[in-house]
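Quick setup: one chain, the form predicted alone, written in structure tokens, and binding and motion questions come after.
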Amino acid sequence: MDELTERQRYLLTLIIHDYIQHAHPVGSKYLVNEFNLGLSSATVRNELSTLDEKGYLRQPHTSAGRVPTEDGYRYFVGHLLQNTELPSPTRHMIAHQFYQMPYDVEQWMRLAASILAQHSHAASVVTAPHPEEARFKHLELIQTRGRQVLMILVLQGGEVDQQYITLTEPVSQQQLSEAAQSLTNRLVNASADQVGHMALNLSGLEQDIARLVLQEMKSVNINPMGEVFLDGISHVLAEPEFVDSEDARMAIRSLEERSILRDLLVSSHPTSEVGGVQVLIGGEGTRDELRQCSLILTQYGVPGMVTGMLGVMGPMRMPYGRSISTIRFLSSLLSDLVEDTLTEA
């Protein structure tokens, strides 16, 4: 991309900030009066024409003001956006909300999605911490009725799998609790392969349960990510450029249909370290469903062991600075929480 002069960079920054806030094309006379530029409207108009030619701005129609293009947003995010942190009171408030909660990964995920949507005014996407290789942590067996039992399998990192299983014959709650405790003692921190080997040396109820545990752990290893939590879809639908928009429907469909969303997140998975932010603007020309959107993603967790993803999706006219700073802070906070769960193992 062509390099810009200091004045052009400043004008592009002003236009993008103003357009993000007001969603109206920005004209040269407005810039001069609103920001006391000390320049004539003609000088500013010439600079805006240059930014048009370079592909960073466009006019929706003749005599209208300018709006940023995809390349304009990319230049802004890559060169002009300053690294900022959330204000200290905001960070303390968010941290307090998390640390007040009981140990419950699902509640953490729902709270993170709510906070992201609130601070970015966009749709938030949070995936539960998912082990790169499933490792056993804890097992509970709860009698329901007859031969039906609720099996609760907790993996290292906090992922929880619950399912109803049917035993070959009725078993008392005491027998179930003893079997669950015995398996927890034997299998703690075991991989799927190790659970399979240990199951060969078990018998009766414990062997049956261990084989069911093995099936679930293999399923976790196959899945690319944990459960997905969404919030803030109404924020996207309320944006003026998405009212009665087919583009909005395509974007929302990509969020609401889990198979599409998982494919999108896996293919867009940030390759940088935990806390590193990836910004996809207009789908980067490869995702039709995102052609009018931006997607900001990062990882959290403990690399090589347990990781999840945080992201926001909204119109290209989104508050990038606030969204990125919120995502980075939540990534750090959730990483600490996940690491604590591993330390407790």
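Since we're looking at a predicted model, the values are computed, not measured. Note that residue numbering begins at 1 and tracks the sequence as displayed. Definition used throughout: the rigid core is the maximal C-alpha set that superposes within 1.5 Å between two forms.
Keep in mind that the form predicted in complex with another copy of the chain is missing from the display, and what follows is about it.
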query: Contact segment among 70-78, 99-107, 195-203, 83-91, judged by heavy atoms lying within 4.5 Å of another copy of the chain in the predicted bound form; finding: 99-107
query: One residue of 225, 152, 95, 171 in contact with another copy of the chain, assessed in the predicted bound form (non-hydrogen atom, 4.5 angstroms); finding: 152
query: Candidate from 249, 262, 186, 218 lying within 4.5 Å of another copy of the chain in the predicted bound form - any heavy atom; finding: 249
query: Heavy atom of residue 182 within 4.5 Å of another copy of the chain in the predicted bound form; finding: no
query: Another copy of the chain contact at residue 167 in the predicted bound form, heavy atom, 4.5 Å; finding: no
query: Interface membership of residue 233, another copy of the chain in the predicted bound form, 4.5 Å heavy atom rule; finding: yes
query: Proximity of residue 6 to another copy of the chain in the predicted bound form, heavy atoms at 4.5 Å; finding: no
query: Exceeds or equals 2 Å, Cα of residue 137 between the shown form and the other one, core fit; finding: yes
query: Residue 180 C-alpha shift between the shown form and the other one of 2 Å or more, rigid core reference; finding: yes
